[in-house]
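In the block that follows, a single chain appears as structure tokens, in the form predicted alone.
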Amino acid sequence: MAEIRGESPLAPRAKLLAEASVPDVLELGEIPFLTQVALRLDPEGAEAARVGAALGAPLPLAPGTSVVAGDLLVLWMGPDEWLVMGEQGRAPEVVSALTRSLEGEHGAVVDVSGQRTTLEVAGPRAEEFLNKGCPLDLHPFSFGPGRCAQTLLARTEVALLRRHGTTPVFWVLVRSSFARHLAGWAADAAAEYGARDTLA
């Protein structure tokens, strides 16, 4: 597997995102180069159980859910598709473990770490902010911790994950080619929160 080199998709927008953030209200920033491995297999086959054993947690089978598997996250992406996420540099290890678990059965394991980057949106205003450009109901009763979905944000296809915790924290997985567009939208959409604090 090739090692990721060079700057992340949102490195040129890091200052923009930092300036758009409002402490204790809304925080925006990139989490670059996370491990992302796409997995496809029959959820009812024996290989699904073997993969779950290798990960340390069963694959999430309910639509729009995720599970924590040790230091990895596993997101449901479709009836026979998942995304395994972890810290930078874990892809070769994860790919190897998942491939061994398939044991020649029909399935696919692909390192897609370079395909997307991750925009983190955190703070008490995170839900309100994201709903400016996302049609989903992000209230915790509807989209609580651990929920994930493939959706649109600012007319851009993204995968959205709500992390666990009391303060709202969302990960927005966006294709690298659309990341700068999304950062520009985010900075513009966040402007009112800074103005609100200034007027207060």
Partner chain sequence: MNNGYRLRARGRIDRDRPLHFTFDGREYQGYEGDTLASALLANGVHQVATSIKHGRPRGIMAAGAEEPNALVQIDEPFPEPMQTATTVRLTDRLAASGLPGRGRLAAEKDPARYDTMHAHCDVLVVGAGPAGLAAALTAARSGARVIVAETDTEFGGALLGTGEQLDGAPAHAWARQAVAELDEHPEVRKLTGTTVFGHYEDNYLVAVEHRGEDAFTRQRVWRIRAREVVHATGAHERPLIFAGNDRPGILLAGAARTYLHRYGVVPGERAVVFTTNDSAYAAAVDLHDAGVEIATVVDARGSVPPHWESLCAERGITLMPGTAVVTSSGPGRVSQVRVAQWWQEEERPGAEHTRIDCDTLLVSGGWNPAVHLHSQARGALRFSEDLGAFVPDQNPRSVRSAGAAAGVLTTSACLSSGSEAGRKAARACGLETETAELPRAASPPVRPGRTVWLVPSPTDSTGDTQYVDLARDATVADIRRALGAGMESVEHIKRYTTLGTAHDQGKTSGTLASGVITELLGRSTGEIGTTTFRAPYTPVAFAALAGRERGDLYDPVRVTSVHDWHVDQGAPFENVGQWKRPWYYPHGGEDMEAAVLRECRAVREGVGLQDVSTLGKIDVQGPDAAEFLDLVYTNKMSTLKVGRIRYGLMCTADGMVFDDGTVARTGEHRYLVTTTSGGAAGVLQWLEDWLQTEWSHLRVHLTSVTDHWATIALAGPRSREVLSRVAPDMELEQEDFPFMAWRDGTVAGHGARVFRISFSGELAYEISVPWWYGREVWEALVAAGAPLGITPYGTETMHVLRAEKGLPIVGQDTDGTVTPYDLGMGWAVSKKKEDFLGKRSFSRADTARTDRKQLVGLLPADPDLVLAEGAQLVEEAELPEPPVPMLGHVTSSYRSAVLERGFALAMVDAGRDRIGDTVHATYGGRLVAATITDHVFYDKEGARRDG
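Positions refer to the first chain, counted from 1. Note that this is a predicted model, so its numbers are computed, not measured.
Just so you know, the form predicted together with its partner chain exists too; it's not on screen, but the next bit is about it.
By the criterion of a heavy atom within 4.5 Å, Gly114 is counted among the residues contacting its partner chain in the predicted complex. Taking the partner from elsewhere, Arg155 is found to have a heavy atom lying within 4.5 Å of its partner chain in the predicted complex. The shortest heavy atom separation between His164 and its partner chain in the predicted complex exceeds 4.5 Å. Heavy atoms of Gly107 reach within 4.5 Å of its partner chain in the predicted complex, making it an interface residue.
Proximity to its partner chain in the predicted complex holds for none of Ala14, Pro124 and Pro168, with the criterion being a heavy atom within 4.5 Å. In the predicted complex, Glu128, Asn131 are the residues of 117 to 131 with at least one heavy atom within 4.5 Å of its partner chain, listed from first to last.
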